[in-house]
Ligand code: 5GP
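Take a look at this single chain, the form predicted alone, given in structure tokens.
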């Protein structure tokens, strides 16, 4: 998606060779107009799928997922990274390692909000090693739900997550795929 690639090239900040800081428009301050266009693009890409829920993970995926859900006219369910007393114990859960934070979280979704009747589009801001997606897929599997597809804003194609998730048989649609990046040379995108 050219609009997203241009925004990354203009406002993204590369730290080292594996961290892309996009907090000015994607995961701290949010460019809602950009999110709307991303939602329209995923609607086009997954138009033939019977999607009835969007599933994402807290926190950066939530804003994007909400605008995607508007396109599909369905609710968003997000996996929480911490248990609270108001969620209860009747949950699906999975462990997810966060490269960004350097820790492992138990993600949870109340069984009340996912079941075998659900056809899911998974949405997230980044795909690098695929840990968050594996956790969301595990939660979907526990619920007996069908993962119809996966929408990613930015994929670090030089890492293995996208290749591994696609090899599992999932349709992964990344709107910007980064081939390489470093502080000196900047960012290059795949074709």
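As the structure is a prediction and not an experimental result, all values here were calculated from the model. Numbering follows the first chain given and starts at 1.
What follows is about the form predicted together with this ligand, which we do not show.
Interface residue among 125, 41, 148, 31, judged by heavy atoms within 4.5 Å of this ligand in the predicted complex: 125.
At least one heavy atom of residue 132 is located within 4.5 Å of this ligand in the predicted complex. Contact annotation for residue 175: none of its heavy atoms lies within 4.5 Å of this ligand in the predicted complex. Taking the partner from elsewhere, residue 18 is found to have a heavy atom lying within 4.5 Å of this ligand in the predicted complex. In the predicted complex, at least one heavy atom of residue 99 sits within 4.5 Å of this ligand.
Annotation for 22-42: the only interface residue with this ligand in the predicted complex is 27 [heavy atom within 4.5 Å].
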